[in-house]
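Presented below, as structure tokens, is a lone chain in the form predicted on its own.
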Amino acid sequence: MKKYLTLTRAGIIEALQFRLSFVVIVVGNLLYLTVIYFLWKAIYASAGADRVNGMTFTDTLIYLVLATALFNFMEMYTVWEIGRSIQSGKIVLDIIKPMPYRRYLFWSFTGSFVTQFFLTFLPTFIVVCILTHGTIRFGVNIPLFILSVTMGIIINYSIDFIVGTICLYTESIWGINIMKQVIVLLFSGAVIPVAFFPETFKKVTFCLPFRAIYDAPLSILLSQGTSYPDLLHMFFVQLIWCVVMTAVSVLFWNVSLRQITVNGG
């Protein structure tokens, strides 16, 4: 593990060198959450009910605030990194390194996970717990949430790696990545809680891996009145997607390696 932890350490050092970016992220999140607050306040006011689709306004706001913090913590720029490496030819140098490329790329981003966890998600979580006066319960849901977030990171990375690998065929990734971001944010529940989806749309969401990235961890964390078997079922569904998406990304990468061309060679 020493070589992988070295990459983590390098990532932390790099992240701490660009402290202004953290300030920009915080300001951007505050503006986004302000818009979210007034938007959902208007939605609940027009609904004329304290509870919509099983969620109160406070439940929805807590969900979206934590979803935003979780997005900042889990977001990786894998697709952009792979795309730039392919276009510049650097991908060849990365592949011949004495470390599997997929693993090397993942551990290169772990440093940002550590810094974003302590600088964004953890402070947000503490503030939410204090302001909501015990709305988030502490029990078996906490360790399950930690494991669920870990699997969500792996699933998110696998999806990004699959999309990045497509650049081997297209040699351009901008449009595909933008489409991927829209799909993931929508179907994962990061923008709109899955509970608000129409039934048909919700059934489609349950058949896709995207929900396992954000909605599953948040549902486990915010579970109230949810039975222990239901929590375990949600957890094991996420585990299955974690294994499936990892296997698909590895297989797709191994098959696509033959498509690498640098300067026509």
Partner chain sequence: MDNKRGLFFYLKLYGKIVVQDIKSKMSYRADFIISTIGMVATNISGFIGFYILFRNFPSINGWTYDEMLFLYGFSLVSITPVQCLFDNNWSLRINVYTGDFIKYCFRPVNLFFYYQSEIFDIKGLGQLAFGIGTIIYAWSRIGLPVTFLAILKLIIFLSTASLVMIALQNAAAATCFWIQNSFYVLDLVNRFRDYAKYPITIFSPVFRFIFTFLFPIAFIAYYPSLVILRPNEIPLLTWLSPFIGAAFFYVSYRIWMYGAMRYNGTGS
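Residue numbers count along the first chain shown, from 1. Quick caveat: nothing in here was measured; it's all calculated off a predicted structure.
Although not depicted, the form predicted in complex with its partner chain is the subject of the following passage.
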Exactly one stretch in 149 to 157, 121 to 129, 179 to 187, 95 to 103 has heavy atoms within 4.5 Å of its partner chain in the model of the complex; which is it?
179 to 187
For its partner chain, considered in the model of the complex: do all three of 39, 43 and 197 come within 4.5 Å of it, counting heavy atoms only?
yes
Even though the partner isn't displayed, in the model of the complex is residue 29 close enough to its partner chain, meaning a heavy atom within 4.5 Å?
yes
May I ask you to state whether residue 201 is within 4.5 Å of its partner chain in the model of the complex, using heavy atom distances?
yes
How about residue 91 - does it come within 4.5 Å of its partner chain in the model of the complex, if we only consider non-hydrogen atoms?
no
Can you check whether residue 114 is within 4.5 Å of its partner chain in the model of the complex, heavy atom basis?
no
